[in-house]
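Following this are structure 1 and structure 2, which are two forms of one protein chain, each written alone as structure tokens.
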Structure 1
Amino acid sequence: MATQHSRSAARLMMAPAVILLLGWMLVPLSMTVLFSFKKYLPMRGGDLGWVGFDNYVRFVSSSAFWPSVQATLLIVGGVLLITVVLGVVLALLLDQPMWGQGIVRILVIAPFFVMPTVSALVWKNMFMDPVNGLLAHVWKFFGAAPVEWLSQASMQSIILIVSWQWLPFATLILLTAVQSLDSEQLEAAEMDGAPVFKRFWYIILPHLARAITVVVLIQTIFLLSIFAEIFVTTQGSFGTKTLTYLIFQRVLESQNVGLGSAGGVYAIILANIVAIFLMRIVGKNLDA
């Protein structure tokens, strides 16, 4: 049993790490909030003084603000839907005994370790190019006109690229959950004559609820700040401009760090709203 002395010693030893972590998080956040109330032009005079909420009003009154929020949420929702559904399917398939099971699992998980810029370039040039891309050759083989993916189906293309990169993460988490399932329950249900769909719906899916919740929460945190894939492929054109890309574009065009900082605060607010919504809807599974 821990004594008061041991607890005090533990707090003392943890204090440097906690202080360092808080500083690492709070200092950039504080500077972002501070600059959001200033007109700070590093290439044109530096700090030009306080402007109050002018940066916030300028950013939110932009015609591109709400479409960027909509595009962000659409990408997040589309990627979550694809990765969770296909992740469950792949996890169930990879749990089955097969020849070369270890190699197959490594190949399935491998895309997660590819850098976002590299994966976006591969998809853009090797698969989605309307002239030399693999999909263009497939279309030509069947006598159809190649699709210009990044202009005609830009949002679907971004969702597909990002889903390809995040599917291994979802599969890995869900596969771990599938392997922890008590096989005796499935065997008992099978002996009682329960069909495959009912075994999945009433036994497997409830068991995967906590794992699905973890996948949704972690992926949402990272997907809200998606940038590299859009920068490499569409550069925000054709309705793919997310809030993060809009912040980058505004800072690049106006060289106004204060305006970009105000956009960063809006991004933080959006992330917290989405996180609170998810915790209320699916986060209760973590307490089960």
Structure 2
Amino acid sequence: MATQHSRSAARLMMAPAVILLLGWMLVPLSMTVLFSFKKYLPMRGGDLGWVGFDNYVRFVSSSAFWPSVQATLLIVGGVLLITVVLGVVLALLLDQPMWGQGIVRILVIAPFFVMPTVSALVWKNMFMDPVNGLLAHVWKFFGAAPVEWLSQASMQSIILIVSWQWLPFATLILLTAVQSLDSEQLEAAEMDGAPVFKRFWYIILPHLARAITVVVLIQTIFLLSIFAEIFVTTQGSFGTKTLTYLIFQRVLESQNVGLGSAGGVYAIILANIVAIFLMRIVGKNLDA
């Protein structure tokens, strides 16, 4: 509902954003695709000509490829599961009447403000260090042998660190959604004789569906590309090499741009598969 005039104005005003994002997407992307068909070693001769699909074949046949895809999906999935489940529990808890709700909320949000490099460093050294880390002290206190977290339980450790960073986000979104639930609906259900668990399952959870979608969408966007946490803690060793990190190593550490670019194309394809999947859900869920 608008006039021709405002429609053309709208197109004009959208243009800068669209053009910038289109450029941001297409220019580097086409360069990456170009490089992926070349043997390109910046430190050892630079552009050494076309090699067809060699890089793609090499990247996939490298023993590190499938484990890296697996590690990526494991981290994303693990963090999503933990943050959503704990987020729902925490949101329900924080919604209850209590003293000092504001302060508790501040405490819970805090990890979101901590930059990933800091949280990775702090967790790695001060908590997960097998000699001086706080967790080691706790284990010793209970008479157990300290765990070498980042080597023996590397994946769990990374998931723990990342979950800690994202739990506040999930909790807050879910809390906002819980607060918007009409309490009369719950009371009606109670009058109808629904026990606590059923009230949660049939009323609260469906009400949270949209919020959970948002949490999953936004976290996935950020989690697919986590970098600093791995860069600072394990440097990709002990099975924590994600696709992002593998490509990073190919490009910067082994200075093989062609191979890294082929990996980049794979990463883009993976991201797009996830994106299409997510957009389907979100597109449907965000209309309501």
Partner chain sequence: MARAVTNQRKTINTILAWAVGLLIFFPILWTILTSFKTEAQAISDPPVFLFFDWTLENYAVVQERSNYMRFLWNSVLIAGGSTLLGVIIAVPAAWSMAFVPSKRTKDILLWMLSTKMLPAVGVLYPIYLIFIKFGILDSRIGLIIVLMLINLPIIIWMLYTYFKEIPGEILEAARMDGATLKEEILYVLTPMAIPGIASTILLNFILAWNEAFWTLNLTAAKAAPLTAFIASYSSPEGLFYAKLSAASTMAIAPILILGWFSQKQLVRGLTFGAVK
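Here, rigid core means the biggest group of C-alpha atoms that superpose within 1.5 Å across both forms. Predicted, not measured: the structure shown is a model, and the values here were computed from it. All residue numbers here refer to structure 1's sequence, counted from 1.
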item	value
Identity of the form predicted together with its partner chain, given as 1 or 2	2
Is_shifted W66 between structure 1 and structure 2 (CA, 2 Å cut-off, rigid core)	no
Large Cα move at E184 between structure 1 and structure 2, threshold 2 Å, rigid core	no
Per-residue C-alpha change between structure 1 and structure 2, M14, threshold 2 Å, rigid core fit	yes
C-alpha positional change at K38 between structure 1 and structure 2 - rigid core reference, Å	2.9
